[in-house]
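Okay, here we've got a single chain as structure tokens, the form predicted alone, with questions on binding and movement later.
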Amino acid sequence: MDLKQTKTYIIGNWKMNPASEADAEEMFDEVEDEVYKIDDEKVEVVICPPFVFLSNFDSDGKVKLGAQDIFWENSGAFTGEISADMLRRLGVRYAIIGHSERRQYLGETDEMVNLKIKAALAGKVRPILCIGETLEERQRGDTGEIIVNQVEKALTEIPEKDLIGNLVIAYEPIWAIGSGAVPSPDEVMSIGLLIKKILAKIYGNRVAAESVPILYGGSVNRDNAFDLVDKTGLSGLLIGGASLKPREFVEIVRRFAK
């Protein structure tokens, strides 16, 4: 069975934007109106809006819905949290887990990330595991060690059968997010190969390594998007700021639909 990735994943993370329901609906509709003719066997388009807007969107269209976080329990006294079951009932297919902003500002640990991935997989929501190094770690030459540590801890006690066809990994160097700076395609390619090597080591074969889409994120725009996939061998992009500009986001999607 050939599990090598042929589909391109273009995922928009709106973060804490926009301010109003009307703006959110306008942005989503503009993207959906433009991508409805795109072959979804070639490109998987996902939008991850704030939780409060998820129920406003059609979950059965070409644009798939993603959440920006998930909790590791299904119910209980966990004020402010959202479970996999709640998300799935809204038609949510994906959930971003371990984004650097949650790690940095909200103290999310690798152990919490692991619990969230397990909950997402159990709840039939595809986890998008975010990993990446800080500028200081990069300057010290610690990028490889950081990536190995984050992936291994995130996948602790997760069997291969649960992982295949479900997990997505997004490499987002923290120093690139919102900075306008991006690593070279060669650097991105080397990280992609490292992630595959880690997966092969964890599971003892190349099946998991070939079945998991690996994406790049961090200051992606219309000018660098194509090279960050075409010249790296990665499977797509996790896009922040440019996803808030529907025309630019759609332009990026179209580049991979040809």
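Don't overthink the numbering: it's just position in the shown sequence, from 1. All of these numbers come straight from a predicted model, not from anything done at the bench.
One more form of this protein exists, namely the form predicted in complex with a small molecule; it is left out here, but the text below deals with it.
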query: In the model of the complex, segment of 43-51, 212-220, 226-234, 65-73 with a heavy atom within 4.5 Å of the small molecule; finding: 212-220
query: Exercise: residue 188 in contact with the small molecule in the model of the complex, heavy atom 4.5 Å; finding: no
query: Exercise: residue 241 in contact with the small molecule in the model of the complex, heavy atom 4.5 Å; finding: yes
query: The small molecule contact at residue 178 in the model of the complex, heavy atom, 4.5 Å; finding: yes
query: 4.5 Å heavy atom contact, residue 245 and the small molecule in the model of the complex; finding: no
